[in-house]
Structure formats: structure tokens, C-alpha cells
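To begin, one chain is listed below as C-alpha cells, in the form predicted on its own.
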């Protein structure tokens, strides 16, 4: 296979291969994986950075049941499981085009871009009913190379953005966040409660609220308040003190109910989040709305259905977004409306260490971890290594 500079590309590459459901022992670093070949309409990308998402861990551990709470499984919205093994994970991919498939303009060679991570079931631009993604339904970016559709690899040549920083603005977090907001019809001036605010989706929600003119209130750890306020949060509520939560929210909003909740936590807290929206129904301008795209606090919530239908609470389950939303996010990145929130970079060969750090992350953690191939580490990873970030 010939690259853009006329040289021969390697037939084998390094990759972190997921061999089955389970712990990090199921992730095996190999240097003899076949380099993908771009098909018609595809580009071959040399990966320089891939953001880590919590869905990587949840998919590995089989934490996506939809029928039996004890089921070990993953996404099956298309009717059957698409996560098969071995699989290379990693959805939010940044890199450079080094080869093109049939039908792709060779002028794209050398472009730096960001991948729209979706495996769309069809060409519709405003709906995505069977979401799947790179790193799950097919191989992703925890590797030296990846072949992807040319029209989903978006050129981002902003010189102020390092590759690792660009990866933090990948679609897995930002498109999910935008779809949470658009599903709930969030409007300018509305007060939005963002739970799990210090993670990738949470920080994306705070920024997107401000772009849309909404006012975000963040639920996180108290020692992350300064960073979240700087990012755009109107106020930060301590998630370790949930007693009297509704009263604390009302104090922060000046007595106004929350208009919509963007919930990434779930569990026992969901009931409390709903209460922040229904304290004074007569002062509202729209129905209470709850967008759900995570369950870090537990996969089961006990809520009175009478509370839901008597207060007319509207629920929105959100997984991935749409092509139209992806295009909007790319535009906001190019115009610098969105800012990177990068915590640290790890070498691809040290993904086990990154996984352990992610699960046991401490109070200094905010934003995204990025995984950089070993061959790209000196240029794209070392400046953002963990010791540099602390």
C-alpha cells in the first residue's frame, strides 16, 4: 500500500486489541495487527490522538443491558450485537490522511481532521435510531492507523489546537451533549442543571449551554468549582452533599425552578433532580424536561410515575446525535466557540494505566484523557503527559 508521499505504508501496525468482555486484562497490546486498507469513499488516517470515553470501559465490561439488569452485553439497537472480538476501541480520533480510497480526491492527503464517530444506519441527517460507533461496531482509533469514510473525517486546521486538544472535542462527548440539549428543546435564558459536570459530556454541556444562551448549573465536587465556573457554569453544587438539594438549587437560581436537567448520573439522585424542576409549575414557560445519557450513579432509579405524569415531566433518552448536529459542532470548533478541556495524555501501550487512572481519578481530574500512539508520543503526547498536567 502506497502512502501520500509515494512511500510504502507498513502492512502491520500497533494496536490495543479488546479480546472479550471483562477487566483490563482483556486489552492486549499488539504490534502485528494488519494495517487497514481504505475502501471506496474512505481515507486512511495515521492516528495522532484518540480521546478516551467512559463508553470504552462500559462496553468492555458489558454494562449496556436493556432487558435484564444482570446481562453482560453491549449496544444492540440494530437488532444484534455489533461488538465482536477482537475489536480495537477508541471513538474520538484525530490524525492525518495518508492514503485515499477510490473516488476520494487526492487533495485530501495530508489533511488533519477529526472523526465523526458514528456508524450511521442510513443517510438521514436529522435522526439516528440505531446508534453505533467506531471502536464498537467496527475498529476504532486505539491503533496507528484507521480507515474511515471521507465525509466523516472533517478537516480542522486551526493552528492553535494541538492534536491532543482537538481529540477532546470529539463527537462522542460533544455530539451526545448537543443531542441532550436539542432533544429537550433547550432555549436561550433557560436554567439547565448539568450533573456529572466535570467529565467529557458534562464540560461539553456547560460550553454548549453558553453558546445557545442557556444558563448551566453544575453538579460536581466542590474542589472543581473554580475550573467549572471559568468554563461557564453559573454556579457549582457539591455532589457530596445531597441533603436539602432542591433548596440549594433554588438558592443558586434566585428561587427559580430548573427548566431542564441534563442527567449523566442517574441512580438515587434522579428523583432529586426532577424535584428541582417542579417546585413552582405556575412560573414555568415549558414542561419540565429530563435528558438522560448516563448512569454513573447507578443503572436503576425509583421514581413515582404519578410524579412524572401529574407534573408532565418529559423524559428523553439520549445515546448519539445526528449528522446535522455533527456538522454544527465542527463549525463551532473551527470558529473557536468550543474550547478543549484536556486533562492528560497517555501512551497507547500504557492504556491499562490510563484505564486505572480514569476509574480511580482524584479531585484534580477535569475534562478528557487522550491516548497517543507510541510512534506519535514525542510530538503529540509528551507535552500533555500526566506529570505536565498536574
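Positions refer to the first chain, counted from 1. Everything quoted here is computed from the prediction, not taken from an experiment.
The same protein has a further form, the form predicted in complex with a small molecule, not shown here; the description that follows concerns it.
Asks: Since the chain is shown here on its own, which stretch among 149-157, 245-253, 316-324, 299-307 would lie within 4.5 Å of the small molecule in the predicted bound form, judged by heavy atoms?
Replies: Comparing against the small molecule in the predicted bound form, the contact stretch is 316-324.
Asks: Looking at 334, 352, 30, 361 here, can you tell me which has any non-hydrogen atom within 4.5 angstroms of the small molecule in the predicted bound form?
Replies: By the 4.5 Å heavy-atom cutoff, the listed residue in contact is 361.
Asks: Tell me, which of 46, 35, 54, 328 has a heavy atom within 4.5 angstroms of the small molecule in the predicted bound form?
Replies: It is 54 that has a heavy atom within 4.5 Å of the partner.
Asks: Can you work out whether the small molecule is within 4.5 angstroms of a heavy atom in all three of 15, 24 and 140 in the predicted bound form?
Replies: No, none of 15, 24 and 140 comes within 4.5 Å of the small molecule in the predicted bound form.
Asks: Is residue 58 close enough to touch the small molecule in the predicted bound form, meaning at least one heavy atom pair within 4.5 Å?
Replies: Yes, residue 58 lies within 4.5 Å of the small molecule in the predicted bound form.
Asks: Decide whether residue 220 counts as a contact residue for the small molecule in the predicted bound form under a heavy atom distance cut-off of 4.5 Å.
Replies: Yes, residue 220 is a contact residue.
Asks: With a cut-off of 4.5 Å between heavy atoms, is residue 201 one of the residues that contacts the small molecule in the predicted bound form?
Replies: Within the cut-off, so yes.
Asks: Check whether residue 115 has any heavy atom within 4.5 Å of a heavy atom of the small molecule in the predicted bound form, and answer yes or no.
Replies: Although the small molecule is absent here, residue 115 would stay clear of it in the predicted bound form, with no heavy atoms inside 4.5 Å.
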